[in-house]
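Presented below, as structure tokens, is a lone chain in the form predicted alone.
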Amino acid sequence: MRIKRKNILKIGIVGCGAIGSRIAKAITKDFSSYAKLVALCDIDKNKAEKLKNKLKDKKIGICSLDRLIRLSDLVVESASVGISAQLAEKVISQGKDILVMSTGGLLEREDLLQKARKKNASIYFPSGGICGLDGLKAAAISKIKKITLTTRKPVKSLPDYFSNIKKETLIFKGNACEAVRKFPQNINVAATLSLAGLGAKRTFVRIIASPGIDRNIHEVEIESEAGRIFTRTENVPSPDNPKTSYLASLSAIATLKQIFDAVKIGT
């Protein structure tokens, strides 16, 4: 891999759960020649301390959001939709870059996207648990007519009040804005599709609770002037957290890799 940056990129991670931990390990193990993990932050300080101990790097700081932003060139958000917009605003205001995993928090926040452009700061949205964003971005250069996301989820990955469902059941039908509002921890992929395509109010979403499956299944159908695109992604649960798709954390790591690699593959 050829690295374009001359200086080591300082990275801070907010949210030390399954995704944040896997990203942290990749930075310290695979990206150590061109990036350095300098700080961790979590609402549960014990999680941050536990991750730091696993990484075996005493120089990593456990600190507040504000200090983490000051120390970092790039902030990785892997916390929740409840904090992602607030964090992005703080980071962008200082002209720093941010990688956002909880995409739903930035849905319909065009003001933040415009602010990033004015500040010359970058916001990175990994693909997360879906495939096909490359085709969607290309199709958007022409005209997109319709985007539909159908998500099937194991009952155990949904809020507890769905635990009594015994057969495949449609539990939501509406636009992406409504889907993210009702399922903020479960449907970030709808927000990512919206940002790349027609916006939240014109992205159609169906969520199906399926007791007979053990993985999240996302089917994306895109109708455009360039043709029809259909993708189906069957996500294996993360080994560290069954409510998180393994592919989601891998897509974040792949995004970090692309930041440094001189060769860019895909749209």
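Numbers for residues come from their place in the sequence shown, where the first is 1. It should be emphasised that the depicted structure is a prediction, and the values quoted were computed from it without experimental measurement.
The protein also exists as the form predicted together with a small molecule; that form is not presented, and the subsequent description refers to it.
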| remark: Note: exactly one of Ile259, Leu9, Leu250, Ala18 sits with a heavy atom within 4.5 Å of the small molecule in the predicted bound form, namely Ala18
| query | Taking heavy atoms only, is Ile165 within 4.5 angstroms of the small molecule in the predicted bound form? | reply | no
| said: If we define contact as a non-hydrogen atom of the residue within 4.5 angstroms of the partner, is Ser157 a contact of the small molecule in the predicted bound form? | reply: no
| said: So in the predicted bound form, is the small molecule close enough to Ser64 to count as touching (4.5 Å, heavy atoms)? | reply: no
| message | I'd like to check something about Thr150: if you look in the predicted bound form, is any of its heavy atoms closer than or equal to 4.5 Å to a heavy atom of the small molecule? | response | no
| field | Option from 169 to 177, 114 to 122, 88 to 96, 127 to 135 whose residues, in the predicted bound form, bring a heavy atom within 4.5 Å of the small molecule | value | 127 to 135
